[in-house]
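Given next, in structure tokens, is a single chain: the form predicted alone.
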């Protein structure tokens, strides 16, 4: 028996009785056990811990034991599923070229539950899953950005939108507000983080399961099905979907220039190109510290792809400082400028001002140099993602008192080619401002200066 038949039958059995489908790890466990692999091998292939696989497998065997009325274990799960599939197909009546299913996926009188044969399996539309979207986020005035995103998604029907910016700048809060305001325009909305999925196949599998939970996978393996461009895009055409994928930078390899994918995500570039180039009415919204190269290329080719680089709050950050009950309001604009209007950074610094100076912004600003405090861990994460040439360039820029022109590069710093590549990569990471001169983010500049002292 082929594994795709076993997966399909088991998935239908579980969905019939629980209303839930096999998740990507459960599928990986079944496929691995089918091929007589140890839990350790499955864990390595899925890029998770051995204990996590063992725990998930134990929960799966218990669930199947309850449904089948048998004591399911790793050593007998294959034979029990094969027996169930065999019984199932014996109860299938062929009428012409159509198949009329006359029984439950597993005809076990001990555990069979009453269910009307006319009960539909499809879930009501629309289906919106925001269970992994952060809530209770403070949303500050982003009227212009919201209007731009709505124009791109609802009017221009852009297929891929990348919302980029440094950590804490407000990407997630903006996306959350956007979804609330446009959700009625989509049949399917799914919000997920890349940190939950160690491979592209796991991510695609999860998306397919959500978009079309009752889709037939017949006569092909799950991986083949998911790698079929037409199959995936057909579902994006049949259901207008908004898919929000957070933490995109986690798919990219740290320590290199922007654009190299981590193991397990090597085909992500092709996935993005297909999403951007081929016609469909859905939208993929990526939230990221960094802009992927494929999106930059698609945007340059005008392939219905857009990027919004999120800047600081500007004057509207005063709402945040008001909520913190800071003093010396005339000094607030200077504080906002120093920390680039980043709401997370300002919240952290405002807390420090309250703790150290009883809320006096003027007193805080009288102590040079720029205080980083608890901002440093997030700056360290950004810095550690840089490639060698980027670190050389950023250390040089950090020493400059004024913005510098490209022509001012010392000959010994980097080759011209490496220099230009490092500039482009740092801009995609939102660490260099887009201007004629090279201007480093002031907070990052101070962080790097401290590293080189």
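Residue numbers count along the first chain shown, from 1. Since this is a predicted model, take the numbers as computed values, not measurements.
The following text describes the form predicted in complex with a small molecule, which does not appear among the structures shown.
Heavy atoms within 4.5 Å of the small molecule in the predicted complex are found in exactly one of 236-244, 182-190, 148-156, 337-345, that being 337-345. A residue is said to contact a partner when one of its heavy atoms sits within 4.5 Å of a partner heavy atom; residue 139 meets this definition for the small molecule in the predicted complex. A residue is said to contact a partner when one of its heavy atoms sits within 4.5 Å of a partner heavy atom; residue 171 meets this definition for the small molecule in the predicted complex. Taking non-hydrogen atoms only, residue 260 never approaches the small molecule to within 4.5 angstroms in the predicted complex. The closest heavy atom approach of residue 313 to the small molecule in the predicted complex falls within 4.5 Å. Of the listed positions (286, 275, 166, 295), a single one reaches within 4.5 angstroms of the small molecule by any non-hydrogen atom in the predicted complex, namely 166. Relative to the shown form, the CA atoms of residue 143 and residue 136 are brought 3 Å or more closer together in the predicted complex. Figure legend: C-alpha atoms of residue 136 and residue 240, shown here, are separated by at least 3 angstroms less in the predicted complex.
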